[in-house]
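Just the one chain here, laid out as structure tokens, in the form predicted on its own.
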Amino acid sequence: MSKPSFAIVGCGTLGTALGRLLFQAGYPVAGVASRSLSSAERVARELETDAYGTSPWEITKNASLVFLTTPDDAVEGVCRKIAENGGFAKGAVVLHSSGALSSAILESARKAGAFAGSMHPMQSFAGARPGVNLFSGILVTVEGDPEALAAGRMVAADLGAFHARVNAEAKALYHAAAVTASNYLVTLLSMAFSLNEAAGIDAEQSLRGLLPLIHGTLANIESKGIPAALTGPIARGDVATVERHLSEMAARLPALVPLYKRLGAHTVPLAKAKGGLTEEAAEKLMELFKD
């Protein structure tokens, strides 16, 4: 079965990686467009096409599958501009890659006779480079018109990902989950580094020491699930240890106390669900974690 031709609008990290992988998977290239001509030319060279430019409607009009991989705040406007200039073929599928926005922002494409949807990879593309398939084994969420869903599922499968249909009305919650697991992990590790630094452990030692702990925790979550993977003083009901944490932090790093308390308050219910935390210890811990 022949693959549909595709166009990429937005030659940033994701657009570049997606175009590269689609090309390698045998999808015909209709062309690429970007705000920067040099970026479009760079990606076009990789995809072995002469069709590139800064006017996306000139590129997308020849594509059966259009990927809008621009920043979130530009998606709706770019889509509208393409539609106004007759850039969507009748029956083409238009997919944006925003994790937080639904396909409702592509209404101009629908009015132009195209099918609209979103296809978001739950992956960080900061380290994307040639020869590495960052779609392999990841979750790709899809929503939108039936034709767009089918296209998104096909692309996900061809790139080695698995897919799930996300509720369009609550898509921002899905994106918040990704932010929590990825971005806020960086924030938590920054907090851990600061605590170690105050205890006399430098950043290099912190990284070497914390990475095995992080990997072990992730392995436990994978094998045991949540909340069974939870360990530490809250899971044990060790109130005295938590009191010492808070006392030392208040003396040396008081700015981190509110975040530690908030995290602790959300950890107590997990510890209760795991079992082994008495009601008395849970109440004492929650009292410590009050703002």
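Remember, predicted model here, so these are calculated numbers, not experimental data. Position 1 is the first residue in the sequence shown; the rest follow in order.
The same protein has a further form, the form predicted together with a small molecule, not shown here; the description that follows concerns it.
Would you mind picking the one in Ala271, Leu21, Leu14, Ala281 that has a heavy atom within 4.5 Å of the small molecule in the predicted complex?
None of the other options qualify; the answer is Leu14.
Can you work out which of Ser194, Thr180, Gln205, Ser124 has a heavy atom no more than 4.5 Å from the small molecule in the predicted complex?
Flagged contact: Ser124.
Just one of 245-253, 222-230, 59-67, 32-40 has heavy atoms within 4.5 Å of the small molecule in the predicted complex; which?
Answer to the contact question: 32-40.
Given that the small molecule is not shown alongside this chain, does Ser98 nevertheless sit within 4.5 Å of it in the predicted complex, heavy atom to heavy atom?
Because a heavy atom of Ser98 falls inside 4.5 Å of the small molecule in the predicted complex, the answer is yes.
Given that the small molecule is not shown alongside this chain, does Ala74 nevertheless sit within 4.5 Å of it in the predicted complex, heavy atom to heavy atom?
Contact check for Ala74: yes, within 4.5 Å of the small molecule in the predicted complex.
I'd like to know if Ala89 sits close to the small molecule in the predicted complex, meaning any non-hydrogen atom pair within 4.5 angstroms.
So Ala89 does not count as contacting the small molecule.
For Val78, is any heavy atom within 4.5 Å of the small molecule in the predicted complex, or not?
Val78 belongs to the contact set for the small molecule.
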